[in-house]
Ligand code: MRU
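Just the one chain here, the form predicted on its own, laid out as structure tokens.
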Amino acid sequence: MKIEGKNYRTIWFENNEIKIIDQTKLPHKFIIKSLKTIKDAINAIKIMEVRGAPLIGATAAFGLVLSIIEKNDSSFLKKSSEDLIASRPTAINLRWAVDRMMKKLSGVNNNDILKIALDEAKAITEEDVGFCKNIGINGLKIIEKIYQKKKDVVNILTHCNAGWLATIDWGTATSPIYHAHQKGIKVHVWVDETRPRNQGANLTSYELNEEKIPNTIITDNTGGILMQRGKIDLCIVGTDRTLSNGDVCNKIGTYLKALSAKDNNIPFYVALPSSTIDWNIKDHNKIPIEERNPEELSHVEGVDEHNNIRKVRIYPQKSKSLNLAFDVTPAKLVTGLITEKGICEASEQGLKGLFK
């Protein structure tokens, strides 16, 4: 997708370094950062210079390439893989990518391992681009049906950032929106601010602006009244982990949006590549829910009058805060899952119908 008219992906490998867009600086500054060591890759995931389940997976894959460049040793590689998996526990793509890389590299000769690792990491990124493009083609059909019936602007609610900045290109929840826009269908996106890190306001609105798609930022609690007033035709969100029974683990606040959508008879779809499906866990209580630093709640970042990025405290000094990063939306609240292979109901039967 584009930034200032130029096409970018979120990650690429160049001169034995990972190149990323530092998302902690967006939307105020556009900075391409180099990750030179495995520790750099782990830190980029931890502090969310890269974020979004598919992009985290790709970063981990390239991170193992850096590990081999740094020290071509099997025990060092194994430790690197463990540290990567521990860096953010909720998104299943991270473990999926690391496990896939380690399986590919198992028993490989040291002389060949670097090339094989780099080829596999590149394959993971290319695969994700294809998955996300197909998610868009499949999800476009939903938007087309609403547009044909309404004959007017289709209003879509998103939560957090499930855009191209969360993947390699196209995005998950945004891919149908981009495809609709390119086809000439009029769309408008209600963008949840998504506290505490404001990925909706800072990232989703930013990338929609760059693609010239009309959008309006709202506080996370505004979606309900907009649904009651008939201002929302469709909800599309992403997911960090979808269980085989159709339960969806996504950015905190997703569950509340799904409840509002259900109460107002508004379709609520979840867009995901198959790499985000957890086929092993069936009980959502067993999903490791990341608890992040309370400072993400108590402090906000912004640009001051001198165009400098500053962090300020907004909570009382003595107040405690709990910062859970994700919640779970039960399958019964999900209208359907939009995947690279088609759309299915949020259930084990539905998923296995697409992924045999």
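Keep in mind that this is a model prediction, so the values were computed, not measured. The first residue of the sequence shown is number 1, and the count goes up from there.
Keep in mind that the form predicted in complex with the named molecule is not shown, yet the notes after this line are about it.
This chain is drawn without the named molecule; in the predicted complex, the residue among Ile287, Val300, Ile68, Met48 with a heavy atom within 4.5 Å of it is Met48.
Contact with the named molecule in the predicted complex, judged as any non-hydrogen atom within 4.5 angstroms, is confined among 160-168, 258-266, 141-149, 278-286 to 160-168. The named molecule in the predicted complex comes within 4.5 Å of no heavy atom belonging to Asp192.
When the named molecule is considered in the predicted complex, Gly238 lines it closely, a heavy atom lying within 4.5 Å. Contact between Gly52 and the named molecule in the predicted complex is found at the 4.5 Å heavy atom cutoff. By the criterion of a heavy atom within 4.5 Å, Ser175 is excluded from the residues contacting the named molecule in the predicted complex.
In the predicted complex, Phe326 is the single residue of 314-345 with at least one heavy atom within 4.5 Å of the named molecule.
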